[in-house]
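Shown here is one chain on its own, the form predicted alone, set out as structure tokens.
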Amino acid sequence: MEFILVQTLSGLASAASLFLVASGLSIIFGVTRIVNFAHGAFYMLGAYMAFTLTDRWTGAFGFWGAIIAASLVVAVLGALMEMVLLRRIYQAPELFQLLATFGVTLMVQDIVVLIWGPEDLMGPRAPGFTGAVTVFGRMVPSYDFLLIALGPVVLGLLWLLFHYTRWGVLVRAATQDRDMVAALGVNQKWLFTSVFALGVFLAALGGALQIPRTTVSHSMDLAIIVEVFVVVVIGGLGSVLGAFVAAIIVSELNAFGILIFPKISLILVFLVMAVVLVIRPWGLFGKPESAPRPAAGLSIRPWRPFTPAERIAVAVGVFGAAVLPFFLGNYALTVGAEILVFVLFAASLHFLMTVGGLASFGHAAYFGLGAYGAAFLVKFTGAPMEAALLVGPLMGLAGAVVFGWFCVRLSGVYFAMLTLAFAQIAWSIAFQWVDVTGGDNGMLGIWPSTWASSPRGFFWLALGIAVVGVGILRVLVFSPFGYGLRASRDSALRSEAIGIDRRSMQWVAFIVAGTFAGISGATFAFLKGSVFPDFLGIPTSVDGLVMVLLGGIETVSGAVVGAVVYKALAIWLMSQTDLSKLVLGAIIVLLVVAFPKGIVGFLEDLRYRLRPPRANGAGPKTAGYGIAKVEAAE
């Protein structure tokens, strides 16, 4: 009994900091509808800034003054980011917002290392809370009791702020109807800025309060942001009370899961998140969206197959790639094979996202499942590479069948979060099922057959798989199935009125995308000779999203160009500079703001400006962020 009580108290102490961060993210989303991936970066900056102020300026501020000062400094930085970056993309689909804030996260990671160094830092103890309290014969840190009390206090202060101040009333009104608030003459820009600053302040405060409990490291951001997403989704996006309750649930699951269910402790929180999303998509205390935002997708103009000239250009490009092994060295061919693997991975995500209108944040699940499927066949049955490449991706297909059946029942950000939950469940299983997957040590010795063991041979294999896979996906885009899928994306009511089953169409698209992601994952396993849980991780999913955006979401070939440019740039930067994340993050941010249609979309626009289409040519061009428009067929 004593042990259970101590674990409960430890969970409640962790819940306090988690609630601070999650409430900030929930407040920001409730008003601005921004899915702020950089929220974890502000949490990390709060911890680093608090370390600096408490370590070097304690005399000027005092410990608690330094904690508040650090949070305020980071809040100012967050407000500047909102004014410079986010104001430009409020009307963009969630995908663009997520990637812009992810780019900021990459930049902050390298900036932190540049300023504070790569080593973990240990902050000072909190004055007056350095000891422990005996509870039924067991010692509990007195600082934990401070955090336990802080959670309800902050919840109460936020409730008072939102219910008894004019600013709070405006925030709650903007959460319900932003357009009406603007019509009443409220300056939305400064309202959004103040809300964003408050959310960032809470995140930074949560990080600053952690320095007496744990070390400060440059990996804190990604570690916290996943749990924060889980909390806000379970509690309900935009609900502070929901964030408080969900933070307690998640923290107690973490506290007891490792003791009661040690082999599935990492799965528990994501399993709860998936169950909540399936049963109540808007969370425990959230409210359903009255008008979901349109999905980014293929615009009307590119709905045409290749012209004869374009077919010739593609054939020349494939032939040029096929002869590269006669001119390039082994390292360049290995890099080229990796790029080709991710060409197919990006193309599969592009098909799901732009044709189906389903922005998945967990597409790496099927990439990783395909890789593990191939590895299992090789390690446990001794199957050759050829058989593993044919059968292994079926594991990705199976995952897409099961996960997709649940996911397509949701839309918008809730769909994206459920795909993230399922991907994290798959990652957790791979990480913790050590007897089968090898856990963090991975599965080694997944080597290709003799004929493909050389860099030249494997490059040709990867090229063949990529060309065939992208070709099939392109055929599907312009098939009756592809047109029906776009109809379901653009207008569910109209498509259902003419007999199109939206969920069935999207489920099939999910399965197709997952299968081709599995094929690329299986190929990647033989390229690397090993498989690790990271194959299913969030960074891999985000890489796919960046590739699609970089190439352009309005064109079928955008994913191919984006994958080639992004992977080549990422690999080259890592070999040239220690600040590769800073450069990549800056490129992502620049792309979202200045070139929202990507490389291919920008070139297409330029071509159409120089040579406008004829009246009987391709359809009208969509503007802005490529949001698909339903045209009247009259």
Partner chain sequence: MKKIIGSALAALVLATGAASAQQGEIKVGEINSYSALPAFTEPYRKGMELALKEINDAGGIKGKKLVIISKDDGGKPGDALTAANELVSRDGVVLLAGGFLSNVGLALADFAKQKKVLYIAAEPLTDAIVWSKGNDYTFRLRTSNYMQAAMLAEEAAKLPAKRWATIAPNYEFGQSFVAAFKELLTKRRPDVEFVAEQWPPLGKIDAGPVLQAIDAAKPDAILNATFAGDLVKLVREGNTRGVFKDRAVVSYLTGEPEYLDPLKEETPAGWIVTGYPWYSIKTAAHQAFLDAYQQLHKDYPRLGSIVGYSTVKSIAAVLTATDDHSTDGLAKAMKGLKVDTPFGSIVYRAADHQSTLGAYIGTTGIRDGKGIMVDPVFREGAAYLPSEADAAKLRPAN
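Superpose the two forms; the largest set of C-alphas matching within 1.5 Å is the rigid core. What you are looking at is a predicted structure, and each value in this text was computed from that prediction instead of being measured. Residue numbers count along the first chain shown, from 1.
Not on display, but discussed next: the form predicted in complex with the partner chain.
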{"property": "Answer range among 570 to 578, 27 to 35, 66 to 74, 584 to 592 for contact with the partner chain, defined in the model of the complex as heavy atoms within 4.5 Å", "result": "570 to 578"}
{"property": "Contact residue in the model of the complex, chosen from Pro288, Gly131, Pro152, Pro384 - any heavy atom within 4.5 Å of the partner chain", "result": "Gly131"}
{"property": "Contact residue in the model of the complex, chosen from Ala100, Ile211, Val228, Leu205 - any heavy atom within 4.5 Å of the partner chain", "result": "Ile211"}
{"property": "Asp144: touches the partner chain in the model of the complex, heavy atom cutoff 4.5 angstroms", "result": "yes"}
{"property": "The partner chain contact at Leu266 in the model of the complex, heavy atom, 4.5 Å", "result": "yes"}
{"property": "Contact flag, Tyr414 vs the partner chain in the model of the complex, heavy atom cut 4.5 Å", "result": "no"}
{"property": "is_contact(Pro539, the partner chain) in the model of the complex, heavy atom dist at most 4.5 Å", "result": "yes"}
{"property": "Within 405 to 443, the residues that have a heavy atom no more than 4.5 Å from the partner chain in the model of the complex", "result": "Phe431, Gln432, Val434, Asp440, Asn441, Gly442"}
{"property": "Phe342: Cα shift of 2 Å or greater between this form and the one not shown (core-aligned)", "result": "no"}
{"property": "Phe532 C-alpha shift between this form and the one not shown of 2 Å or more, rigid core reference", "result": "no"}
{"property": "Shift of Trp460 between this form and the one not shown at or above 2 Å (CA, core fit)", "result": "no"}
